[in-house]
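Taking the form predicted alone, here's one chain by itself in structure tokens.
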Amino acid sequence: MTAIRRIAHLDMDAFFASVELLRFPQLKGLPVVIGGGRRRADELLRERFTGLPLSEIPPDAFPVLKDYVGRGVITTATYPARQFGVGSAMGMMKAARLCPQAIVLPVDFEEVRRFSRLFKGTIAEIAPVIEDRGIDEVYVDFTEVPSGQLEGGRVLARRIQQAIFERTGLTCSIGVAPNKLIAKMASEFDKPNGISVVYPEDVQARIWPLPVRKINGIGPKAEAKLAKLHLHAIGDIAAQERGWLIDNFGQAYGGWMHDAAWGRDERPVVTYSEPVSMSRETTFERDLHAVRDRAELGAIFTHLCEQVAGDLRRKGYVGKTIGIKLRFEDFRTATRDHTIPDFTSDPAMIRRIAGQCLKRVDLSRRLRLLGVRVGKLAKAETAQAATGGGESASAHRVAEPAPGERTLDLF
């Protein structure tokens, strides 16, 4: 007998915050937000409470949102903080107005990445068909896994939850459904630490009442257009003729929207896909000027290039297209890139080409963000075999500034 298709979406609960709570268990149950400037919380607390373990520092010693000065956005928030309306991607200052008493901690990216690898490795030991969807979420194909059909997948989901908790001390929420589309919605039904199973016959009762934005793929612009057409819930979309949706949203998007509203999704769980690019960027705690803050910007720029080079080498990739991203004080963004003849993961080469890209941008305005990107990737061994081995270390000429662009010799 053919097994019934069971696809799970696993989402770690308030992942960045939960990792911090392992370090600071005394903050459990309190409103905590993760975000803001560079990580110095541990160092400052250690200086103030010399000899005292981090886990024993009193909660009232931690910085709170009402005292936060600077910019930045919330990466994530604990569930007690979310009750005040604080959420991911919210500006720190807005969050401070909603929940001034929330404790604020910066992100420890290295620790978060370590736990990401740990929980994904734990899943792979139980159910190996996994699609990586980011640092804190995956799709898992339960269909052919032993016990993957029991209770619609609930038994296997519970086993995975328990294994992750035993390995990491972290919780996750899992949705199991006939496909990826519904599974992703279901993983939000019973957070935190919940399991939700949706069967095909549940679509009308459990999916149709949801807002249209719950469909992964309907963004704010589509939501606004749907609202003008008086379509607010997923069931409102499902009630429309397919042809009517195509007339209003186009052949591909309108047709997809109709299928999504009816819970149809044949996408497989893709166990591996090549990355398109790798990048690193940072938002400054204060706006920096290319001339007056040249030394500080130069150090940050070098560090970003080294980080990207480290990411490439750690994952076994090289790239040909090197680019930069700038965001100015007025929030306008500029990008420039250049493709070189030979693949590279050399930090000096990346910095040299990225630096030449910077010369093609008007840098008279103050900067709030700087990023470095390497694209057109290939596996290092494949690229070396194709070129006879070795990476190019020669400098490459990039395009001259566009007419009218005013440049500064920044780095």
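Counting begins at 1, following the sequence as shown. The shown structure was predicted, so the numbers you read here are calculated from the model rather than taken from an experiment.
Keep in mind that the form predicted in complex with the DNA is not shown, yet the notes after this line are about it.
Contact with the DNA in the predicted complex, judged as any non-hydrogen atom within 4.5 angstroms, is confined among 335-343, 144-152, 202-210, 161-169 to 335-343. When the DNA is considered in the predicted complex, Gly217 lines it closely, a heavy atom lying within 4.5 Å.
With a 4.5 Å cutoff on heavy atoms, Val269 does not count as touching the DNA in the predicted complex; it lies far away. At a distance threshold of 4.5 angstroms between non-hydrogen atoms, Gly134 is in contact with the DNA in the predicted complex. In the predicted complex, the DNA stays beyond 4.5 Å of every heavy atom belonging to Leu54. Remark: none of the three candidate residues (Arg117, Ile123 and Gly319) comes within 4.5 Å of the DNA in the predicted complex, counting heavy atoms only. With the partner omitted from this view, the residue of Pro178, Pro106, Gly194, Gly72 that lies near the DNA in the predicted complex is Gly72 [heavy atom within 4.5 Å].
Scanning Glu281, Asp236, Glu296, Glu306 against the DNA in the predicted complex with a 4.5 Å heavy atom cut-off leaves one residue, Glu281. Applying a 4.5 Å heavy atom cutoff to the DNA in the predicted complex picks out Arg360, Arg368, Leu369 from 345-372, in order along the sequence.
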